[in-house]
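Take a look at this single chain in structure tokens; it is the form predicted alone.
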Amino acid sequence: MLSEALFALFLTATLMLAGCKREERQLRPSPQASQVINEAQVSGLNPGANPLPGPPTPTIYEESAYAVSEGKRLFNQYNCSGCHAHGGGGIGPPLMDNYWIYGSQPENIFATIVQGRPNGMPSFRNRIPEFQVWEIVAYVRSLSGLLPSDVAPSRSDELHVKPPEQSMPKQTPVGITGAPEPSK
């Protein structure tokens, strides 16, 4: 009787352990997933200019809720919120609307972070590792609803004037050529 109880307990414990499977996260992507964009591909500083065709954008960052939440953390750690006011705009332009000066494609945002832009945006070349730049890019795109809602992080405690990123409606980005858009 005791051996049957021990056997049942052993069998139950074995089945419970076999049923557990942890989520697999790729915390540091392999070099193939994160390809380097060279100078010629990110050198266009013209507003609204399309980047030159190059290697495909690493979409693993935009498909991973972990990468987007890391981008949110890095956005604050690198003091991006100091100029962009948690996405609402301050010294820097707002990041939660659909008006993008240099384009909303991931390659354009990457180029803006790495190279900087005239009149204010500093260059972070050789200061932020490439995979962290892509995580920040994914988070910045989530601010204006360009990522799926199941990937975007929830609202920050600092920001009470807009809904969380995960419930932002999808917006079509519009480039600004100089004058602000007329209010409707």
Ligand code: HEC
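Sequential numbering from 1, following the sequence displayed. Source: prediction; values computed, not measured.
The protein also exists as the form predicted in complex with heme C (HEC); that form is not presented, and the subsequent description refers to it.
Contact check for Pro148: no non-hydrogen atom falls within 4.5 Å of heme C (HEC) in the model of the complex. At least one heavy atom of Met121 is located within 4.5 Å of heme C (HEC) in the model of the complex. Among residues of the shown chain, Val140 is one whose heavy atoms approach heme C (HEC) to within 4.5 Å in the model of the complex. Contact check for Gln132: a heavy atom falls within 4.5 Å of heme C (HEC) in the model of the complex. Taking heme C (HEC) as positioned in the model of the complex, the residues of 95 to 125 that bring a heavy atom within 4.5 Å of it are, in sequence order, Leu95, Tyr99, Trp100, Ile101, Tyr102, Gly103, Ile109, Thr112, Ile113, Arg117, Pro118, Asn119, Gly120, Met121, Pro122, Phe124.
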